[in-house]
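Quick heads-up: it's one chain on its own, the form predicted on its own, in structure tokens.
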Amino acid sequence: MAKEPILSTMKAIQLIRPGEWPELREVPIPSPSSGQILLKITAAGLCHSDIAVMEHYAAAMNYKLPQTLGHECAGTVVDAGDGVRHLVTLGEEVLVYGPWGCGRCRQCAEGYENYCYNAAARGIVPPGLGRDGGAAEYMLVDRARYLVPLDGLDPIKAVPLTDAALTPYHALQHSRHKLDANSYAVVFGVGGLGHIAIQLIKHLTPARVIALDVSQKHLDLATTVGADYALKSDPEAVAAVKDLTHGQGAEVVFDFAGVQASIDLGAQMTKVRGDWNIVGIGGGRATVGFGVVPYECNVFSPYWGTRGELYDVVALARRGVFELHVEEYPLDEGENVYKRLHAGEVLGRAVLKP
């Protein structure tokens, strides 16, 4: 297949300055260097992590700005640099695995590029989280191994698999052995990750799910996707969870908000010898110590997931195991969509389509 003609400039949603909303800009289309692949973006998912980048991480981690946002990316291969042309096919539709690693350290060798030992020291950062991401018309990918075939899935509905499904799947794999037929799982935050987490727990385990959120429409979504109970996330929820769990608490608590309010409740809802998984990056801080958390409570803070697990969630999506609730918007509306996301007005996942 011949290369698709490529123009010289493209539209991109870029963060210009920390602490401000991103802007729609006209920027040059990048050219792939040796080892790189150029994608024409077909879908880009928007995440609360992007809000954290705007508010905190761009400044704290000294991101080079302007930077194109978007770490959930799907696209079509339109060009490739030397050394990788034989590894990709022009016109191939792919998802992009986000947490890039060095590929050589022990963590990467075991498949955990998301925990690469060398990434920080070598300046290897994910798209949209330190380098230009996918909220644009085109995007560069550094290695062919980061491309996962879509195999006919709709990119708009599939792009959240790269984070909104991958991250809860990874967290669930860590605690899955504790979720038997007599167990309970608490899910804080029924957003992009939480609504998929509920469905994964219900499909992969016999546990009962207690969903908590501050928004009634998100609690309604929780019920729609299979939660056994849906409760307002407030201090009174602790007693409600204890009542449902016969006074013992849940075997596993998944916190997809990570704000101080949810973290303050999480330890109180976790059972002795339970797992407390703090997944969200809302800026909250957990206090851990003897007598502060339940005995033998395992406090776990996962980051994204492995490439193998992304293949897993793609396979589950192809089988119809879970339904991604997606709100689709044109790329030009990206700035306003981020404002809606920040205000809690997005139900499920917001996806931009160039």
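Computed from a predicted model, the values in this text were never measured in an experiment. In case it trips you up, residue 1 is the first one in the sequence shown, and so on.
Just so it is clear, the following notes concern the form predicted together with a small molecule, a form of the same protein that is not shown.
Could you tell me which one of Pro160, Gly133, Gly75, Gly189 places a heavy atom within 4.5 Å of the small molecule in the model of the complex? Of Pro160, Gly133, Gly75, Gly189, the residue with a heavy atom within 4.5 Å of the small molecule in the model of the complex is Gly189.
If you check Val252, Leu212, Val96, Ile198 against the small molecule in the model of the complex, which one has a heavy atom within 4.5 Å?
Contact residue from the list: Leu212.
Tell me whether Ser49, Trp304 and Arg349, taken together, all sit within 4.5 Å of the small molecule in the model of the complex, counting heavy atoms only. Yes, the whole trio is in contact, each within 4.5 Å by some heavy atom.
Practice item. Indicate whether the small molecule has at least one heavy atom within 4.5 Å of a heavy atom of Leu87 in the model of the complex. Key: Although the small molecule is absent here, Leu87 would stay clear of it in the model of the complex, with no heavy atoms inside 4.5 Å.
* Asked: Can Asn277 be called a contact residue for the small molecule in the model of the complex at 4.5 Å between heavy atoms?
  -> No.
Please tell me whether any heavy atom belonging to Met139 falls inside 4.5 Å of a heavy atom of the small molecule, as the geometry stands in the model of the complex. No, Met139 stays farther than 4.5 Å from the small molecule in the model of the complex.
4.5 Å heavy atom contact, Ile281 to the small molecule in the model of the complex: Residue-level check for Ile281: yes, a contact with the small molecule.
Practice problem: Name the stretch: of 318 to 326, 36 to 44, 295 to 303, 61 to 69, exactly one has residues whose heavy atoms fall within 4.5 Å of the small molecule in the model of the complex. | Solution: Every other range fails; the passing one is 295 to 303.
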